[in-house]
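A single chain comes next, written as structure tokens; it is the form predicted alone.
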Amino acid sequence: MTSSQPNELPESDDTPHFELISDEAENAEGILYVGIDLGTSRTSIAASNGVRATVPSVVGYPKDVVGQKLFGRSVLFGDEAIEKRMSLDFHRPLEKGVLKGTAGEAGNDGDVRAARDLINEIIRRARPRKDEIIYAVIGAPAEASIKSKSAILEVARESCDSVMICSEPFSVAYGQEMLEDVLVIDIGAGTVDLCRMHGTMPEDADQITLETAGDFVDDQFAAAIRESNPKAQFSKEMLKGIKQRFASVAEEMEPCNVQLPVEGKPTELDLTEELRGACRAIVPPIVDGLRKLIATFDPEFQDRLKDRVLLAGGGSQIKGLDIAIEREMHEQLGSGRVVRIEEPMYGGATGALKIAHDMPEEYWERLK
């Protein structure tokens, strides 16, 4: 990697060789290593057998025998669950990237069951053999509490033989093999995770979690529509679909002309400014978080961090977001360079898979 390649971050000086590869783990037979990005909006998996899969993080259970007969099964996932949600007990078991509760807490058993079924389903989609044991690394928000991580471990252990939790932005950096003098921005639906990498495992002071993420954009978008078109009718799923198609912070963006019901009649509305404003609202908090991580770093190396900012996660697909963050960094911090990873939907999962591969076999044995 060199600075002459325009789509890559400049190489830092004296980059260390940073590997934990175990020959036993790399060549082990009968083990399926998986990396899982367990997100509020989507859950993705990358497996050592080459399979990758992603599914919206929603689970539905038929409300009665009519639904059971209609669907022919007791649980639906992802897009199918979203489409049939009026006939289902519908669950989004993750909030801000962590489980909404733990087993036994009042009102949380449904979400815990849904999280357990979701993890089981995403592992099933990785197509493990019946004779394989499963070693999993699961990404969690940078500042997830010990209780939240324990809850994820508890539900995952029913589907996996051994599980470990890692910071989502760390898994992104690890997958890109960029572990020194890098700032990672991982934008999900529930959280934006910022992480400062400097050749060691990140500590608490190296990480910041913000809640101004994809769901925040949806809320801002909804509020703007209600103000400009108070009679328009829409659901969260409708707004998510519009956002996924048109989201942009660019000065010149594709016009967001869509049809929404107005008092029951489909009506074409121009929501370009409402959507652009909602998307732009996440930029200042991100740059403020970057500023805090840069300002508390060794001053000799602060410029390196500014010039090596990695943008990842589903929210990174907002058109022009990398340029908007760069522009705000130049205004607030004097300089900055942002590069978007090539596969934002799988950046966390593939990084977690690499971590799983690189962990020595004896480490996995201790986790069982």
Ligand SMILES: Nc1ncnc2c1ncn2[C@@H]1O[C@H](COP(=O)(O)OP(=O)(O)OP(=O)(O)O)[C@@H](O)[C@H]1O
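The model shown is predicted, which means the values in this text are computed figures rather than measured ones. Each residue number is its position in the shown sequence, starting from 1.
The discussion below concerns the form predicted together with this ligand, not included here.
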Hey, in the predicted complex, does residue 317 get a heavy atom within 4.5 angstroms of this ligand? yes
Though only this chain appears here, would residue 243 touch this ligand in the predicted complex if you measure heavy atom gaps against 4.5 Å? yes
Should residue 306 be counted as a contact of this ligand in the predicted complex, where contact means heavy atoms within 4.5 Å? no
Residue 208: heavy atom within 4.5 Å of this ligand in the predicted complex? no
Stretch in contact, per heavy atom within 4.5 angstroms of this ligand in the predicted complex, of 261 to 269, 211 to 219, 156 to 164, 121 to 129: 211 to 219
Identify, from the list 194, 114, 189, 197, the residue with a heavy atom within 4.5 Å of this ligand in the predicted complex. 189
Would you mind picking the one in 179, 225, 247, 293 that has a heavy atom within 4.5 Å of this ligand in the predicted complex? 247
Answer yes or no: in the predicted complex, does this ligand come within 4.5 Å of a heavy atom in every one of 41, 313 and 345? yes
